[in-house]
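A single chain comes next, written as structure tokens; it is the form predicted on its own.
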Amino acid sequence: MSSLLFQGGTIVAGDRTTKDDILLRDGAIEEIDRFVEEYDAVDDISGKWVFPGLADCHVHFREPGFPEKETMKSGALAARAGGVTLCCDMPNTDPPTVTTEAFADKVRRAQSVTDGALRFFFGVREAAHLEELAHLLADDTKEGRHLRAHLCGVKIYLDHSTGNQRVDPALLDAVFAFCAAHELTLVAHCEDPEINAQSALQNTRMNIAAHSLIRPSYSEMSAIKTVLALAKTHGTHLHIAHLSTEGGVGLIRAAKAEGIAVTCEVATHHLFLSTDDYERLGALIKVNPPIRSPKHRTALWQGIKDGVIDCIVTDHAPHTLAEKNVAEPLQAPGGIPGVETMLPLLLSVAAGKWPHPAEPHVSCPPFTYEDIVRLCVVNPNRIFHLGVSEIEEDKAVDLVIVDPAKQWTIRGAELRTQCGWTPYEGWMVQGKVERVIRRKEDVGRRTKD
């Protein structure tokens, strides 16, 4: 077995950074020390930072059904380029992942993906879907165990979004009880359908900014109250998807203080964009839940600082430019690509450089390189049992080599995502992924002198 020493880099963990060398042997970390002496090859990474491969626990890779938007292969390639080596894919594909057959098909397709690992959420909209999930959990065959190894949780939509997977309200108690009984993390897209419907009826505006009024902030808050009550009743581990409001942060803070088993995530577009960007970006930033005002964005960063928010995700949800550039922008589909740009945006903030080109007056919120690992590795693994790890001895870990001083400009045409565009076009960021070493690849570079 050959060994490779990564020498001179700075290792980033969830609670510290250390300047140590890393000795890899047969794809696993054998030793972490500043004075490693025995190795077959050396790679000098002085001045570089070493992160574990990140986990993005909320993506829509659009396969099966929409290969013009994204595929598992193109999505994983884009993720790897952004330092993300494990992604959790949502169920609103075509067909939706609401049957054992559809789940097995996704797992089969994922076997040909080499740029990253994939896990999948099982969607529930009606009672038959719970029955399908029960069959999957009860299948003790080798195939059944193989499929369950790719299951990261259950997803429900309280209102329609892309794919129209709104759960039957009469089924909610059963879903929460089922997930509690089987110790499954239940992820909820929280928007109140009645509030959204009423707001849509009252809307008289046709410009894209009306989208944030049609799905208002109190819609999210109402839905969060509903699911928190159910989680408390049934003892379910509830995870709130793509939190977007100041009020939502407050509700989750109070629920955690009360001892309710709730965690939550925030998407990068809610951290970096605001309603001020509608004029410039139009339907490109139409997403559900919508982009919010700068006040809500500030509250989300505060929630990260306070530890209320557990994960940062991308909610990577690509559509083609033709779909986004329709004559009536409110008819454009909701969704934003982001799996390749999350890490450079976060690295910029950790370096004290707010990257939004139209907001030179905005000060960077307090945020560290260690926070990236905590929010994109440690906590996702704890919540969804993903099998990822920080950089530790005797672990097979994906390594992400980053140049923290490199400044570069994001260009949609240069990204790997199938859709070929980004709302962060022209943004100058600091910190670039130089290389990603997957845990089982040949990582040899130069022989020892």
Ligand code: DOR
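No experiment lies behind these values; they were computed from the predicted model shown. Just count from 1 along the sequence shown to find any residue number.
Although it is not shown, the form predicted in complex with the named molecule is what the next lines describe.
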item	value
All of His189, Asn288 and Ala317 with a heavy atom within 4.5 Å of the named molecule in the predicted bound form	yes
4.5 Å heavy atom contact, Phe121 to the named molecule in the predicted bound form	no
is_contact(Ser274, the named molecule) in the predicted bound form, heavy atom dist at most 4.5 Å	no
4.5 Å heavy atom contact, Asn92 and the named molecule in the predicted bound form	yes
The named molecule contact in the predicted bound form: Phe176, any heavy atom under 4.5 Å	no
Position in contact with the named molecule when the complex is considered in the predicted bound form, options Ser161, Thr99, Asn196, Asn379, heavy atoms within 4.5 Å	Ser161
Listed residue (Gly82, Gly116, Gly338, Gly335) with a non-hydrogen atom within 4.5 angstroms of the named molecule in the predicted bound form	Gly335
Candidate stretches 342 to 350, 299 to 307, 153 to 161, 73 to 81 - the one whose heavy atoms come within 4.5 Å of the named molecule in the predicted bound form	153 to 161
